[in-house]
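Alright, two takes on the same chain below, each alone as structure tokens: structure 1 and structure 2.
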Structure 1
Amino acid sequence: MQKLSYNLWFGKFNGEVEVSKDLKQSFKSARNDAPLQFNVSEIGLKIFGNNYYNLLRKIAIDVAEEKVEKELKSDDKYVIVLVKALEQLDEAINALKEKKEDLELVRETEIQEEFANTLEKLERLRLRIEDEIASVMEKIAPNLTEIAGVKIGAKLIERFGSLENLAKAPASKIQIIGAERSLYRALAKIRKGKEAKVPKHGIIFAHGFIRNLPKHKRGKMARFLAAKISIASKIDFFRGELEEGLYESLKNRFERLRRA
């Protein structure tokens, strides 16, 4: 029978301990699929004695420092790429769906089946990407995600280019981003001395709290939501922790507007 081997932060264990030459490396790969049947520290203490916790702490700090730096650099770029990929994929899926239906109307063939399978695969890929965006968003922008939702939050980061840019943007810009065309059209009209309606919302229109209000109340809500998004992204960028009560105030505002 093959002996079970465990990955411990200081090396491998299969009845005997093989201490790793590169502790940082072994720390990073200290995963095991099932709970260990023994206590890591008991074995470690036998090898390292009283120095066990000092050593563990030192390696833990080194590894974490390295990982944190790396993460901070690349995470919002990752979201941006994923959002773009998702948008492309959506377009492609819609277009392909149409073609598939066209094909079905003309003739039943084997190609049709393969077409359907491929589409299904693409749709699964789409879900995977959506999940990944959600999990990264939760991590890098918990407040933005809570306030705006994953989709809108991720789109905003994408449109502003980074979480930093979003955090530094004025709420008014957050309110209308995504509606630039109608904004400029309206501004041009106003310059000519005509009356025009400036847009109340762009990307954030998709938010349930706006969409579910009657038209004449949406502007108020959009302004309030944009302000909260602005605060949320600032907390996310500068502090990174979930702020209690932010969502609550947004929801209260929505409820009040709905009833008013």
Structure 2
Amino acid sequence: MQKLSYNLWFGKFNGEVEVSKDLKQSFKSARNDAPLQFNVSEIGLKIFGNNYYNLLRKIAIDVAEEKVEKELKSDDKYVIVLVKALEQLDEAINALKEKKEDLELVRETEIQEEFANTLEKLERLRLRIEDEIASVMEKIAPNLTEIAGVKIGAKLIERFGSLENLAKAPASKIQIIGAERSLYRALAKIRKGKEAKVPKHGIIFAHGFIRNLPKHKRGKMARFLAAKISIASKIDFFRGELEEGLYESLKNRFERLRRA
């Protein structure tokens, strides 16, 4: 009868222990289909003695740090930081424009020129960030970018926290994300027995294929678009190759709804 072999964090075990030469890699791949019929710590203590828990703690911290560092350096995290920076930059630009207009109403001074120069620099920085987001999105999410556009695609990745989370999200959530407050308000009214309109779209409402349709057709288009975004993000995350025909089906759906 063949002995079961288990992958422990410090090596293989099939009745006898084979200690791994690379404990960090062994820790990462410590997965078992069958439930363990023994106590891992007891075996580890026999092998490593009193140093067992110190060694386990060190390896766990090393692996966690490596994972965090990898996450922070990933391209989709870079997009998320850029999207947030762009939002804050927009707020700063709008605030400066308002203050500049307030000053112009009161008095003409040299400070207004300083405001104008600063605004010009911020606008240039804004364009630079938009170009950078577009460049990274084309690289990491070509299908999502083609289907949703750079701004909506990047915003969805930002809201879901990563391309992986977006790829694993249901289309129904993609459809309404960004409209959570309206959704919660509607659900609260419904729970009280009142009538309420549940939002049909959130961030994706900015898409031209939804915005340019009559109101009574936008819900259908939003559901279709969210489903296509779900497919596109899955292809981007798991394959990373451009899928021909995905955008055409979306465009055809829009044209049919527009003519109906």
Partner chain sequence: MRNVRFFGGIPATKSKYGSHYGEKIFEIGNERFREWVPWRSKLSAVLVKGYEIEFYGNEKVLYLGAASGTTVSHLADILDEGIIYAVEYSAKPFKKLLELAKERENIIPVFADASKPWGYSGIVEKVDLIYQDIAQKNQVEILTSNSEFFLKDGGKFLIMVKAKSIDSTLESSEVFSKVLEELSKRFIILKKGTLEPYHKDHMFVFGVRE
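Throughout, rigid core stands for the largest set of C-alpha atoms superposing within 1.5 Å between the two forms. Because the structure is a prediction, the values reported are computed rather than measured. Every residue number counts along structure 1's sequence, beginning with 1.
Chemist: Does the form predicted alone correspond to structure 1 or to structure 2?
Modeler: It is structure 2; that copy is the form predicted alone.
Chemist: With both forms fitted on the core, give yes or no for whether the Cα of residue 44 moves by 2 angstroms or more between the two structures.
Modeler: Where the cores coincide, residue 44 still shows a C-alpha shift between the two structures that is 2 Å or more.
Chemist: Spell out whether the Cα of residue 17 moves at least 2 Å between the two structures when the two forms are superposed on their rigid core.
Modeler: Yes; residue 17 is a residue whose C-alpha shifts (by 2 Å or more) between the two structures when the cores are overlaid.
Chemist: How large is the turn of the smaller rigid part against the larger between the two structures? Whole degrees is fine.
Modeler: The rotation of the smaller rigid part against the larger one between the two structures is 144 degrees.
Chemist: Enter the rigid core superposed C-alpha shift of residue 71 between the two structures, rounded to one decimal in Å.
Modeler: Between its two positions, the C-alpha of residue 71 lies 9.9 Å apart after core fitting.
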